[in-house]
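This document contains two forms of one protein chain, each encoded as structure tokens and listed individually as structure 1 and structure 2.
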Structure 1
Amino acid sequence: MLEFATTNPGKIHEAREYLGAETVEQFDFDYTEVQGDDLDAVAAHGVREAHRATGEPVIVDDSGLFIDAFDGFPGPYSSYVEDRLGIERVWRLTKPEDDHSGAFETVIAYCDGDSFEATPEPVDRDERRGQDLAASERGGATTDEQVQGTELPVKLFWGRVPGQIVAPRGEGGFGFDPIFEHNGTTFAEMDTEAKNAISHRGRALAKFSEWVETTGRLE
């Protein structure tokens, strides 16, 4: 059994559809989101914290919508922007004359407490540790947790899908799905299987499940 540390039921639904309902269990855990310009550090820090809390093999998924006309914003701040602005206003902020292209990105981070060939960069770079320590000074993990945290091996799996920011369409999915169009269809107009076949998360899950099969990690 694999724990998926997330507060987002939409992510659980998609992971269960892809990996099998009997494989994935939700660990309703709100890990500390360290401030940073990329998803890797957030996911690596989060999965270590989640593993320390559950003691089980665990994944986290940190995702973001990167809009070209906004130089990649909201990116790692997507959750905050969805909560505060809402997706309708994000769509309205893209002016008709703007380039409406963008991409969804996901990083899935895995940790089970045992050693394995971890992702070497950028998670274990000294500057990451500096960033994590800065987060701890702002009230995140304590220094002791941080030291343990940097010793826990983490594997990262990435997925990305290009698309267009459009007026909201469709009733399915979650989050920004109604305003994200890929090949003429918004993610909210697709069923879960169709979205997984091409989405950022589906691509990251494919790499994760290939690695699990090759290494026999969850057996």
Structure 2
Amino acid sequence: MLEFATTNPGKIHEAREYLGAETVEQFDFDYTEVQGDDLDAVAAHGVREAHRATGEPVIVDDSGLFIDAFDGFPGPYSSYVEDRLGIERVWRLTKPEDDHSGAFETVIAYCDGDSFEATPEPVDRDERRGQDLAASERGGATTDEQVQGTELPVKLFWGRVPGQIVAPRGEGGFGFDPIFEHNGTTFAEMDTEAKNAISHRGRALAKFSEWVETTGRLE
């Protein structure tokens, strides 16, 4: 069984689509979301804290909206910015003459308390963001800091969906979904099935699912 540390039942539904309903259990755990400029570090900290709390194989995800005109902001600070400013204000901050391109990104972090072979790899945010959808096709990797020393090993998997920042449309989804348009439709205008099929989280989950199947990690 795999625990997914989240208070959002929608994330559980999406994870079960990729990993199976019998595989994923919600771990209703509000782990500490450290503030940092990188999704990877936030997710790695959260999954270690969650594993220490549950003692079981566990994943967490950290996601953000990266707006090109704002040099990637709000990125890892997306939840805070949404709470403080709201999506309407974020949209209004994007001037008509600005580049309206952006992307949703997700990092899935996995920890089970055991050691596993990982490929230490530096994390280059700018390079990943410039690779369009290629981030979802990368293998998971951990950094040297995550592999070595006394820290629990963590495996990371990335997903990314490019799009445009637009005036709010749609009643579905959550967070910044109403102002994020992909292929002419905002995430808030998509039904759950359509959104999950192309979402940044879904891309990361697909890569994680492939790794689990290949390694037999959860057997």
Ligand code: ITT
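When a residue number appears, read it as a position in the sequence of structure 1, where counting begins at 1. The structure presented is a predicted model; accordingly, all values stated were derived computationally and were not measured. For clarity, a rigid core is taken as the largest C-alpha set superposing within 1.5 Å between two forms.
- Looking at the condition given, the form predicted on its own, one finds it describes the source of structure 2 alone.
- Superposition of the core reveals a Cα shift of less than 2 Å for Ser209 between the two structures.
- Summarising the core-aligned comparison between the two structures, the C-alpha atom of Pro9 is found to shift 3.5 Å.
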